[in-house]
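First, one chain by itself in C-alpha cells, the form predicted alone.
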Amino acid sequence: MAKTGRIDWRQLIRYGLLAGVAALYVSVIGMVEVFSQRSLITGVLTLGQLLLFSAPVLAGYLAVYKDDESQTAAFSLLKGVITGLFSSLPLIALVLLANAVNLRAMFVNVSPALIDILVFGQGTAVGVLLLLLSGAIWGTLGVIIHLLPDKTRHVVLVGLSWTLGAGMLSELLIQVFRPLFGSGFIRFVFQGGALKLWASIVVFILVTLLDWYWSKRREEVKTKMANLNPTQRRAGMGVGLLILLILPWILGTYLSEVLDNVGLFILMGLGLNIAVGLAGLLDLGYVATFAIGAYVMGLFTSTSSLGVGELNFWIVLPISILAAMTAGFLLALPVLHMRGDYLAITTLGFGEIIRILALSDWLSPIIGGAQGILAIPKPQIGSFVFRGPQEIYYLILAGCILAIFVSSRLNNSRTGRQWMAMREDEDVAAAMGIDTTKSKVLAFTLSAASGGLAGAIFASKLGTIFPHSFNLLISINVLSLIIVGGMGSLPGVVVGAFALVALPELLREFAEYRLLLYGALLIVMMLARPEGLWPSAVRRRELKGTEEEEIEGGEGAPVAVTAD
C-alpha cells in the first residue's frame, strides 16, 4: 500500500479476487455443500459457511498487513470493505451463471442446494446483495483483527480457534461427556450435534480468560517447572501416565480405535524422524519397513496354511524388528552417495518394490499374494488377551513410550549431534571427522526399527494383512506428519499425528477431500510456519533466526560434534 493515503486498487483487487477464486473453487468441487452438513454453532454457523467466510477475512487481513502506522483506522477499514466486495464477485458470477445455464453438465457439484447456500436461502437478487454485504463485513473483520493490539489479537484468535474447534468436534465431545455427566447435560449444552450459541460464547470467554492469565504467568510457571526437584518430576510423570492408562475406558471403543491408529503413526513417525528430521535423509519408502514387520509377524504367528511356525507374539516381535532393521541396512548400502531428490526417488522405488513383491505370483505361495495372510492371533500375556481397541491401546502405548525414550536418548547423544551436523552440511561434517557413511547406515537401520515394531503390532491388531495396506500413501502420511509437527521434534511427531490422523478420522464424512486438505495444510505450513507446529529449538533457530536457547539436556542444546 502507498504511504500517501491513496488506495492501491490493483493490490486490493488482487487480494479480493484471489480470495473469491478460492471460495469459488471449494464451492465448485462440492466442499461447501458437504461441509455445510456439519454445524459448528446451532443455527448460527456451519463448517461450510466457515470455509466460505474465511477467504474474505484473510484477504482483508492481508490487504492492510503491511500498511504504514500512519494510516488511520477508518482508511484501513475502507480497504477491508473494498477487498471483501471484490472477494464476493466470483461467487456472484457463479450464482448468475447457474441461473442462466445448466452448469451441472460441466460441474456436477454446482447443485441447486449449493446455490441456495450461496444466496443464504433467498432469491437471486436478494442473495447477490447479501453476498456483497457479507463479503464487505468479513473483509472488514479481517482488518479489525489486524488493528487489534498484538496481545489482544492473540487472545481473541486463540479463543475463536478453541470455540470453532469445540463446535467442529461436538460429536466427539458428546461421546466423551455423556457417560460422565449424563444426557441432561448434553441436551443443555449441545443441539443437533453442535454447540448452542450460549455455550459457544461461554467457551470463548473461558478460553480467552485462561489465555490472558497464562500470558501473565507463563514465565513464572516455566521457571517453577524448570526448578522442580526429581521427586516432583516423577510425580508429574506418574499423573500423566495414570491419565494415559485410564484414557481408553473414558473415551470408549470408537475413540480408542482412533487413538490406536494415531499411535501406530506416532511409532512410524518417530522412526522416520531419525532419518529425515535428524539425519536429513529423505526416505519416501518407509512403508517398506512397516510392511516387512507386519509380514514377518503374520508368517510366524498365523494359524492358517501360510503360517510357518504359529509362534507366540512376544517371540516374533523382536524378529520383526530385526527383519525391518536388516531391510533398512540393505537399503542404506546402495544409497550411501546419494542426496536430495536422487535419494528420495531411490527410497520411493524400494518401497514400491516391496509392495509389488507382496502382490506378485512369485511369492504368493509364501505370503499369500493379493489374498494376504489370515488368522493372525491376538497377542496375550497369560490369560489377558489384547483383543479389542481398548486392550491393544496399551500395547501401542508401550511401544510409543519405548520409541520416545530411545529417540530422546539418540537426540542428545554424540550420534544424534553427528546426524544433525550431517543434515546441515554433509561435506563440512565429513571435513570435521564424522564418518558420514557409518552415520547414514546407522540412521536408516535405527529408523527402520520403529517401522517394524508398528507393522508387527498392526498385523496382530487386525488379524489379517493385505498388500494394499502398504501403499505409497502410508509413507507420504508419515512424512507429512513430521513436516507439520516439526522435523527433528519428538513432541512435533505426536502433534502432527493428531493433526493429520486423528482429525480426519473424526471427520470421516469429509474423507473424499482428505488429500486436498493435506496439500492445502502443507502449503500453509511451508508459508506461515515452516518450522512446524511444535519445532525443536534447533530447528526454530535455523528457520526463524531467533536467539539461541540453551536447554540443558534437551533438544535445543548447542550442536557440538566430534568424531568417534
Partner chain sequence: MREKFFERFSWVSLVLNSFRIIVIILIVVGAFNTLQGGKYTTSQWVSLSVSGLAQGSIYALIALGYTLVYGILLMINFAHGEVFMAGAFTAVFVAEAFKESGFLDSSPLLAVTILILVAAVVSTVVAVILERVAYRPLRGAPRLVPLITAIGASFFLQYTFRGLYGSGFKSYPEVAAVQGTWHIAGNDIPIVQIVVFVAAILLMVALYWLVERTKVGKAMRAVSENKEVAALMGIDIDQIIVMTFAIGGALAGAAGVINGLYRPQGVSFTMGFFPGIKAFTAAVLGGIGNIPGAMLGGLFLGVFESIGPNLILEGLGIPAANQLKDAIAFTMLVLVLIFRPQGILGERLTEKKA
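Numbering follows the first chain given and starts at 1. Small disclaimer: the values here were computed from a predicted structure and weren't measured. For the two forms, the rigid core is made up of the largest set of C-alpha atoms that agree within 1.5 Å on superposition.
There is another form of this protein, the form predicted in complex with the partner chain, and it is not shown here; the text below is about that form.
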| item | value |
| --- | --- |
| Answer option from V239, A125, L180, I356, heavy atom within 4.5 Å of the partner chain in the model of the complex | I356 |
| Heavy atom within 4.5 Å of the partner chain in the model of the complex - the one residue of A98, L479, V119, L306 that qualifies | L479 |
| Location of the partner chain contact in the model of the complex, chosen stretch of 256 to 264, 333 to 341, 393 to 401, 217 to 225 [non-hydrogen atom, 4.5 Å] | 333 to 341 |
| Contact label in the model of the complex: W362 to the partner chain, heavy atom within 4.5 Å | yes |
| Partner proximity in the model of the complex: I243 to the partner chain, non-hydrogen atom cutoff 4.5 Å | no |
| Partner proximity in the model of the complex: L453 to the partner chain, non-hydrogen atom cutoff 4.5 Å | no |
| L507: touches the partner chain in the model of the complex, heavy atom cutoff 4.5 angstroms | no |
| Members of 466 to 490 lying within 4.5 angstroms of the partner chain, judged by heavy atom, in the model of the complex | L472, L473, I476, L479, I483, M487 |
| Post core alignment: M525 C-alpha displaced by 2 Å or more between this form and the one not shown | yes |
